[in-house]
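One chain is shown next in structure tokens, namely the form predicted on its own.
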Amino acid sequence: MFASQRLRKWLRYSAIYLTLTFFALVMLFPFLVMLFTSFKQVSDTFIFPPRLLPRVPVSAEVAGFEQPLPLYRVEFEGDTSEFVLLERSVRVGYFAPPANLETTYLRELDQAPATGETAVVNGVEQPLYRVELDGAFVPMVLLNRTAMARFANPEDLSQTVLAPLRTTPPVERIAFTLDNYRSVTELHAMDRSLTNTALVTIGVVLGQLTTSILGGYAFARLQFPGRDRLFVIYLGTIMVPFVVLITPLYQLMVMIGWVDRLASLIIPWIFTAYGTFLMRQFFLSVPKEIEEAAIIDGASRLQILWCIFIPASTPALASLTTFTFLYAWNSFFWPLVIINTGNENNRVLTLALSVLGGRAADSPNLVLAGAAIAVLPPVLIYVLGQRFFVESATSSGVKG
């Protein structure tokens, strides 16, 4: 009985974990495609059917050639062999005897000279060519012309094969290359944009944390005339759409002289009614007895805020930091308005990705390398601060 219960419990948990793992992989698959494609060569991104892992062609050293020659898998004497590519375009033709057009022979055009004679095939007079067949020259007509590649055994170059280059699979190996990241950072100034974005994000996060903590504490604990009305008015600014603020805010930046400068991306956004409301509501949950005991012990308001309220509000601060960080890091519309996209010195990541998407539209590996540069820092920060983020979502009281 106990064994059957354990078995059912184990099967139930296994089904749950398998289901969760499946959906987790589905959610992670686009991210993995972006990450692996950022390590691919441009030719590897257009392979059909698509492949997840990046691959590079394999070459072989051949005597008499200064550079290694690429390897391909070709059919030779009934087996699949790895041959090197000697010539990319060899003019060949399909020849057939005039009396038996169904039997064709593939020969190089240079090796089948014209005989000067003609033959009537299907009511049409066609020239004859000398085609070698089993050591003898047989007159044949030319049915079709095309171009093929010449492949040879790297150990014995006399063993050659003609095959279409487009349909011949190359020999490849799994390899990750950093050339895309190097190209994106050096040629498209993505490193400068990453630095600017980090600077703007840190400035906005620190600014909003500072103003939200001070404002939230003042509205929660300090008594002054009109406090509640002022808080309601301040909170009501959340209802003002951002598009309404664009024109007056841009005119203000023009008057101050902050157009096309990083200060316009930081200073206007260090004040947030949402952050003030969040911290005020959390500070209200702190028992007044703790604050009164600190006042009796001679602590000042700043000491109470720094030593009592801020350590107790770690979950709320983690939530505010998360929202602010994501907003500042992914902000696009306001930087597009206030920063010239051609200004590489003050451009942020969102603008750089927009420009890169146009310049490298035919190179998805470069575009996804830039996207990976923009995505990986937030993911890394989330992984490092996961404990605080989970705590901010589950905590509902004050830490003791």
Partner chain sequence: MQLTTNRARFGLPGTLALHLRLVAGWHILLSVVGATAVAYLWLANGGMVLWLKGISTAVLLMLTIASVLAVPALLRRQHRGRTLSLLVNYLGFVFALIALLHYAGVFIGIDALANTFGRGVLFFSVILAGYLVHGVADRFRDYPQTFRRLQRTGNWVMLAGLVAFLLAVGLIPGLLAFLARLGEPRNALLFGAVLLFGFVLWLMWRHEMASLLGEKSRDSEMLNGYLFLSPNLLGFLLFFAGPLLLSLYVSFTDSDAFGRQNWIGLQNYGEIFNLSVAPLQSPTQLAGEVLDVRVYDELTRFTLFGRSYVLGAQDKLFWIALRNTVMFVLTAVPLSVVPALLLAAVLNSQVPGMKVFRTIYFLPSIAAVVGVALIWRWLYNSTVGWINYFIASIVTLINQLAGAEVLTDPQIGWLSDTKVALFAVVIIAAWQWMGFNTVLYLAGLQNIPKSLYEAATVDGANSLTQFFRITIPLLAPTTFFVVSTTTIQAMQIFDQVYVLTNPPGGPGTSTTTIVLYLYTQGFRNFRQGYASSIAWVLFLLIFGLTIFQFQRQRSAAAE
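Positions refer to the first chain, counted from 1. Rigid core (definition): largest C-alpha set, two forms, superposition within 1.5 Å. From a predicted model like this one, the values you see are computed outputs, not experimental measurements.
Below: the form predicted together with the partner chain, not depicted.
Student: Does the partner chain come within 4.5 Å of a heavy atom in each of Leu214, Thr247 and Ala263 in the predicted bound form?
Tutor: The answer is yes; Leu214, Thr247 and Ala263 each reach the partner chain.
Student: Counting only non-hydrogen atoms, which stretch in 154 to 162, 170 to 178, 124 to 132, 249 to 257 is within 4.5 Å of the partner chain in the predicted bound form?
Tutor: In short, 249 to 257.
Student: Taking the shortest heavy atom distance, is Arg107 within 4.5 Å of the partner chain in the predicted bound form?
Tutor: Flag for Arg107 set to no.
Student: In the predicted bound form, is there a heavy atom of the partner chain that lies within 4.5 Å of any heavy atom of Val58, even though the partner is absent here?
Tutor: Residue-level check for Val58: no, no contact with the partner chain.
Student: With a 4.5 Å heavy atom cut-off, would you call Leu11 a contact of the partner chain in the predicted bound form?
Tutor: Looking in the predicted bound form, residue contacts with the partner chain do not include Leu11, since no heavy atom lies within 4.5 Å.
Student: Spell out, yes or no, whether the shortest heavy atom distance between Val138 and the partner chain in the predicted bound form is within 4.5 Å.
Tutor: Val138: no contact with the partner chain in the predicted bound form.
Student: If the cut-off is 4.5 angstroms on heavy atoms, which of these, Leu284, Val240, Leu101, Ala293, is the one near the partner chain in the predicted bound form?
Tutor: It is Val240.
Student: For a quick check, can you give me the residues of 203 to 230 that have a heavy atom within 4.5 Å of the partner chain in the predicted bound form?
Tutor: Heavy-atom contacts to the partner chain in the predicted bound form: Thr211, Ser212, Leu214, Gly215, Tyr217, Ala218, Phe219, Arg221, Leu222, Gln223, Phe224, Pro225, Leu230.
Student: Determine whether the C-alpha of Phe332 shifts by 2 Å or more between this form and the one not shown once the rigid core is superposed.
Tutor: Moves: no, less than 2 Å.
Student: Can we say the CA of Pro50 moves by at least 2 Å between this form and the one not shown when the core is superposed?
Tutor: After core superposition, the C-alpha of Pro50 moves 2 Å or more between this form and the one not shown.
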